[in-house]
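In structure tokens, the next block holds one chain alone, the form predicted on its own.
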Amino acid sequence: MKERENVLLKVDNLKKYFPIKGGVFGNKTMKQVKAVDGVSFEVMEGETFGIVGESGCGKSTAGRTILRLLEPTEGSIYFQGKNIAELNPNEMRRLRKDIQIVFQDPFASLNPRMKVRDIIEEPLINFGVSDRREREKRVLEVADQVGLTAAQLSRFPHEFSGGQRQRIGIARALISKPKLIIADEPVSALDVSIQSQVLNLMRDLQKEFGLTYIFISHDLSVVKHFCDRIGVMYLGKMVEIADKNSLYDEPLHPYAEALLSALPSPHPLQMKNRIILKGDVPSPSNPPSGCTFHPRCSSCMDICKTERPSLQVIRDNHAVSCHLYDSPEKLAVAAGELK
């Protein structure tokens, strides 16, 4: 994809493989699970970039690898022009002030033995803010921004509901004034009524502080409501990237088309053509040759079985990884130049 202005994060050919050990002593690498396999995308300043796909496609692994909670196997991660994949642990620790994460399970990600005040304050201590009064002032300020009272700060995580726990997680991510927040399914564990409150809170914080989000989710309705641009992942690969209107109105990749066909119709009398995929998702430890989606694709061609398609821009800001758009005629039709 071509270079654009105001790029905050650029991920280039990111890979994360997990070894499967075996042998007599259990120390020989027999296979590798290709959780993230050559993912590339850009995130602009101030936007919300969504990553969607079914469970096991590598969404969360990609998010954690970008933050280097998991070390990348290969590839580059440029944040404000600096390749953070090459930073040493001390340099990466300092950079995490600008990149934070909100985890999926708000209870599992909070220390049950620490009070909320200490949980929110801890990043400031880690990043070297030694003035206790300054830390206390910042904790009260952030707590107010996410809707927590001063009295609630002296409680423990188990005394809060799921939505309130996620507010604590957001406050902890916000305390260091980051530029980028990776939200890993932040509302999937919450009730529907609470989901909207947390999403509205995140949107308000984005407007107030100019935040940039990478929003990871399997809920297509939430992603459409919350994100500006969306990347669709399948078996560790990014198969389509587009702005939300282009993707939801005219998906180009057969997998994205099948995924979006599962969304319920907004009108009760309007019938949708539901695309049912055959077979199961292949194992990431033994992915198919060529296009990894070809065993389940109704449009599969011979080339799909042998050659891996590259991610190419078809329309303005709309890229797809599919051999269906290799010929000039099909490219012209997809770009709307021909009918």
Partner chain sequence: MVQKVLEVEELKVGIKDEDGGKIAIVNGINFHLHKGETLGIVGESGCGKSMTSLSLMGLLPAGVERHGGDIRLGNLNFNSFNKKDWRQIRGKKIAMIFQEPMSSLNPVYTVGAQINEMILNHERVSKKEARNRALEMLKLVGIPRPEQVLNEYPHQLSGGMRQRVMIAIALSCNPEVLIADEPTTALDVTIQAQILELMKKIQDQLHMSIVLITHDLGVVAEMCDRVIVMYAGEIVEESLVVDLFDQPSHPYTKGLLASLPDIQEQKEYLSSISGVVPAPGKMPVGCRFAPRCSFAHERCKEVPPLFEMENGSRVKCWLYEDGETEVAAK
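Remember, predicted model here, so these are calculated numbers, not experimental data. Positions refer to the first chain, counted from 1.
If you look for the form predicted together with the partner chain, you will not find it shown, but the lines that follow are about it.
In summary, the region of this chain contacting the partner chain in the predicted complex, judged by heavy atoms within 4.5 Å and restricted to 137 to 145, 235 to 243, 168 to 176, 187 to 195, corresponds to 187 to 195.
A single residue from the set 129, 263, 108, 114 has any heavy atom within 4.5 angstroms of the partner chain in the predicted complex; that residue is 263. 220 is the sole member of 153, 84, 124, 220 with a non-hydrogen atom within 4.5 Å of the partner chain in the predicted complex. Proximity of residue 224 to the partner chain in the predicted complex falls within the 4.5 Å heavy atom cutoff. Although the partner is absent here, residue 158 sits far enough away that none of its heavy atoms falls within 4.5 Å of the partner chain in the predicted complex. Among residues of the shown chain, residue 200 is one whose heavy atoms approach the partner chain to within 4.5 Å in the predicted complex. Although the partner is absent here, residue 207 sits close enough that one of its heavy atoms falls within 4.5 Å of the partner chain in the predicted complex. In sequence order, 54, 55 are the residues of 32 to 58 having a heavy atom within 4.5 Å of the partner chain in the predicted complex; the partner itself is omitted from this view.
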